[in-house]
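First, one chain by itself: the form predicted alone, in structure tokens.
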Amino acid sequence: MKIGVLGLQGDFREHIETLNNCGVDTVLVKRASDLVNLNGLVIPGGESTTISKLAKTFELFDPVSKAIANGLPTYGSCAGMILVADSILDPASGQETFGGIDMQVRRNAFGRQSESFEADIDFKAISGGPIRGVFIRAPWVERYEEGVEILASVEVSGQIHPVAVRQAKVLATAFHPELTGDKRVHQYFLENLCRK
């Protein structure tokens, strides 16, 4: 199995290490030709507007969008969640997404960098206890359509907000499992989206 990790900006190295620890080969995706013959694609956390702009600069934006639309299993964490959303509630000027999940996300939903936090998350379909979620200027799902499966949520000020979702072959988390040493979210992606 060969999984690509978008390597334009963000914590792509941590995803590569986690995927390698899961026993799969990885490819750093920096040009369209790197998308050939992949079993899946990971879009890392980082700065969603920067990743989007760099994808356009390196002529990767359309190839990645088309690959996702054509069914390439894809996992986006934090900024990656924003980039696989079909719409953003509060986009930066001119910001676009690759799309893939019929949802709207709110950028920096939990607040500024200083308000980043960690929490134990009950993740539907993953056994072995809660997942430790690292939330760094994280988004949340503001709204979603039928067909989007909610895998995990958090409560903020009495309201429940989805922070892990799946639709068909696209998975997204608002948090960073690649920063914790816990491989279970990546294994879920590999076993349930890439191998099926």
Partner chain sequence: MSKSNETQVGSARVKRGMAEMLKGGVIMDVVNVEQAKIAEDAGAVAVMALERVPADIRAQGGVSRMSDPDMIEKIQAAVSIPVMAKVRIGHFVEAQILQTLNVDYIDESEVLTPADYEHHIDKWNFTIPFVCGATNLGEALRRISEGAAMIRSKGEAGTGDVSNATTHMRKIGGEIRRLSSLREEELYVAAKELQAPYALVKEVAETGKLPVVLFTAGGIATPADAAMMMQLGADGVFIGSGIFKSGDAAKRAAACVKATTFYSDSKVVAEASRGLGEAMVGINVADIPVPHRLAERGW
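Since the structure is predicted, the reported quantities are computational estimates derived from the model, not experimental observations. Residue numbers count along the first chain shown, from 1.
The same protein has a further form, the form predicted in complex with its partner chain, not shown here; the description that follows concerns it.
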Review point. Would residue 66 show up as a contact with its partner chain in the predicted bound form if we use heavy atoms at 4.5 Å?
Key: no
Review point. Would residue 127 sit within 4.5 Å of its partner chain in the predicted bound form, counting heavy atoms only?
Key: no
Check your understanding: Within a 4.5 Å heavy atom cut-off, is residue 139 in contact with its partner chain in the predicted bound form?
Key -> no
Check your understanding: Taking heavy atoms only, is residue 168 within 4.5 angstroms of its partner chain in the predicted bound form?
Key -> no
Review point. Among 52 to 60, 141 to 149, 35 to 43, 66 to 74, which stretch has residues with heavy atoms no more than 4.5 Å from its partner chain in the predicted bound form?
Key: 52 to 60
Review point. Can you tell me which residues in 76 to 96 come within 4.5 angstroms of its partner chain in the predicted bound form, by heavy atoms?
Key: 92, 93
